[in-house]
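There is one chain below, alone, in structure tokens, taken in the form predicted alone.
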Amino acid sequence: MSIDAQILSALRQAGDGSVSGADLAQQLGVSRAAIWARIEELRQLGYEIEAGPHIGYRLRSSPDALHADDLTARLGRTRVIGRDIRVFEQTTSTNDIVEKLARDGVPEGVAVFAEAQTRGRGRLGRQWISPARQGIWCSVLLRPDLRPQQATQLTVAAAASLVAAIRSQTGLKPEIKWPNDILVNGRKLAGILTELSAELDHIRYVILGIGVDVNVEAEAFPADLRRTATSLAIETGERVSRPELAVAILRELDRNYRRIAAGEFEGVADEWEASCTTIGREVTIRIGDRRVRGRAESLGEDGALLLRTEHGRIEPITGGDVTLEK
């Protein structure tokens, strides 16, 4: 953890109290002058830090910006996801960055955020609008001990994690539309893009891409999406702290990833199904040029959607474009 992250962590742990410069210097093994210099740098980034000879340092407010040191300080220790956090002001797509990191052999758990994406993408090659500083655009690198057929478990875990994090931070009750959409009041506010590199019987790495429309105003959506897209700010009527939500997402992802690694996917699937609007519905799923109709029954052991087709057979579906029938 960097010096800035340790300073912010100490200030946050103090709550409404303060921390003396001498204590910080001793704790971090640097001079009081070095602490003062780092405090000044944090102030330049927008952190309001009160200081006085008798009160020490006190954190009064934080900017609604994604800074790696701040996210690390807020998150604390996690088993895997978020132990390495990197933030970019702008990039093509966070999935692109994580793919390069994966090929370079970076260990799993790295989480990459961008304040803006110029070529954000969703499933099936669709564009993902990523306005600057209005959402959470993030990708996580995983190297699970799973077979390629089980990769869908990670999409399920990501969806369940998003629902839990959004609910805890806003009080909203998001719903999941299989395979990767998070909805509120029938409109999409978040999506998941899972990309993987695998051998015949083993996954080399998985990239979990996550996009959440946090403080996006209705006017920022393209005209053709305004009836189907929404944001947390639109639904709650107030701005939502992006750093707090980002940390909540990482924490939930880490929890659910540990459960999958321990062979406890069934528990994750139960949470997913409790929030899923697809289960129990008649659906049409387009898979390339093929269309399959039937009733979405449940999730299989590998995370596939179990569809009872028009002919009465159970068919596992791992991906596709779904339409819910009336």
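Note that this is a predicted model, so its numbers are computed, not measured. Counting begins at 1, following the sequence as shown.
One more form of this protein exists, namely the form predicted in complex with a small molecule; it is left out here, but the text below deals with it.
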{"item": "Interface residue in the predicted bound form among Pro174, Gly82, Pro243, Gly191, criterion: non-hydrogen atom within 4.5 angstroms of the small molecule", "value": "Gly191"}
{"item": "Partner contact for Asp181 in the predicted bound form: the small molecule, 4.5 angstroms, heavy atom", "value": "yes"}
{"item": "Proximity of Ser93 to the small molecule in the predicted bound form, heavy atoms at 4.5 Å", "value": "yes"}
{"item": "Interface membership of Phe88, the small molecule in the predicted bound form, 4.5 Å heavy atom rule", "value": "no"}
{"item": "Interface membership of Trp128, the small molecule in the predicted bound form, 4.5 Å heavy atom rule", "value": "yes"}
{"item": "Heavy atom of each of Thr278, Arg286 and Gly320 within 4.5 Å of the small molecule in the predicted bound form", "value": "no"}
{"item": "Partner-facing stretch of 161-169, 67-75, 229-237, 205-213, counted where any non-hydrogen atom is within 4.5 angstroms of the small molecule in the predicted bound form", "value": "205-213"}
